[in-house]
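Presented as structure tokens, the chain that follows is alone, the form predicted on its own.
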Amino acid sequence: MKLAFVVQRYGLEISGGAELHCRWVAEHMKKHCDIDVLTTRALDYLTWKNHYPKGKEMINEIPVRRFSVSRTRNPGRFGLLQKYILENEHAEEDEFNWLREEGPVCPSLLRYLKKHARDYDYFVFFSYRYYQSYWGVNAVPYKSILVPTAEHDPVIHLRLFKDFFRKPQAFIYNSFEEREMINSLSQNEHVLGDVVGVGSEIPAQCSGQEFRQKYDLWGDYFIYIGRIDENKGCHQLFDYFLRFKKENGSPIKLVLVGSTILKIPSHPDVHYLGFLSEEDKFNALEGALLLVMPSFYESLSMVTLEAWALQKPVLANARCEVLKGQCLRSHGGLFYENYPEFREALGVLISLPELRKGMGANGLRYFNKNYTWEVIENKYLSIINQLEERK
């Protein structure tokens, strides 16, 4: 069985999102199938500027074929166009203009798909909203498997996606909420699919003490790990945390890990550490009382699964249906819709160690049942086997 994984960016430097999701699945599925990755030369997701050399390279024993982006994105122009189509009546042509601005525009990748369609049994496309997925699925619909990584944001309601979600041969969803959303938008329940998600690379041992010593950070803290920006709910998190500190007087600290485009509040109990190695990240998570996930939009939160694998409870934004659903199914976390609920939930979690322990144990059971790599690999193989049986 030969599979091509098609994704907008791919590289060891890309540490999150659908791109990391794709790489992890590819690296685990290579024990079962012959894998190629088809991607662009882009590293920067804001402009799609060519960065990597053109052609073929090996990354962790997987051939990666890179194709040039022919048209970089102008973020300002893209933002204005997206605002226009979301707020105004518009023509179908406007949506295709949006898709072209969304990018990454890579016609040579599409030509490769069409020319080499017979060389692969299936093409696994990651992220529905990008140029290479939309036009790639349209080029080889009879061999397409889509991992949509869809969030509940406004662009999913664009008209061009309604028919698009009926074209793949199969779907690999990240959550029950994602599947329900796409089914309701496109009435594509007849298309084969399963809720799969992604596993995670959990170290055999983690040391919160080692993290505290390395970063000279003592006392209780809770942690946010991920991109620090508005869409991830970080501005609201800062506001809620500072209000909590002022009202509660708790010595609890907030530790932030990840790249940022927001100004970090200047406060003695807000500690921004930037991007950390995987070892340091897991050590930081091990030392935390809990993980906070303030994001409004997620198709699947990998760091939430990692927290549960380390038996850490999660405090999540209830306005994200996926995060709320994961907390309800796992019994591994609390959630909030507003500041009073944030204040009460955080207060309960930091003051009741037995509650944290119980929720952490629930989270670990949920992770082991649904998100070990053996489970994930078997679900991918099941989808492929069902497609083969239909031939």
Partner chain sequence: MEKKVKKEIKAGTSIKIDYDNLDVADIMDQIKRKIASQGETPIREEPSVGEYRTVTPSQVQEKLGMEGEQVSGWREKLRWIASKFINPLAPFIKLIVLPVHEEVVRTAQGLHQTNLRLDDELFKAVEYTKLLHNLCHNLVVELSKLKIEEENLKSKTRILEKDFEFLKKREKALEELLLR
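Residue numbers count along the first chain shown, from 1. Predicted model only: the values in this text are computed from it and were never measured.
Beyond what is shown, the protein has a form predicted together with its partner chain; the following relates to that form.
Heavy atoms within 4.5 Å of its partner chain in the predicted bound form are found in one stretch of 134-142, 112-120, 76-84, 190-198, which is 76-84. In the predicted bound form, its partner chain stays beyond 4.5 Å of every heavy atom belonging to Pro63. Under a 4.5 angstroms non-hydrogen atom cutoff, its partner chain in the predicted bound form has Gln236 among its neighbouring residues. Residue contact with its partner chain in the predicted bound form: Glu230 places a heavy atom within 4.5 Å of it. When its partner chain is considered in the predicted bound form, Glu278 lies well away from it, no heavy atom lying within 4.5 Å. If you check its partner chain in the predicted bound form, you find a heavy atom from every one of His90, Tyr297 and Met359 within 4.5 Å. Checking Asn248, Ser184, Ser108, Thr260 against its partner chain in the predicted bound form, a heavy atom within 4.5 Å turns up for just one residue: Asn248. The listed set Leu364, Leu43, Cys33, Ala345 contains one residue whose heavy atoms approach its partner chain in the predicted bound form to within 4.5 Å, identified as Ala345. Interface residues of 306-333, taken as those with a heavy atom within 4.5 Å of its partner chain in the predicted bound form (partner not displayed): Arg319, Cys327, Leu328, His331, Gly332, Gly333, in sequence order.
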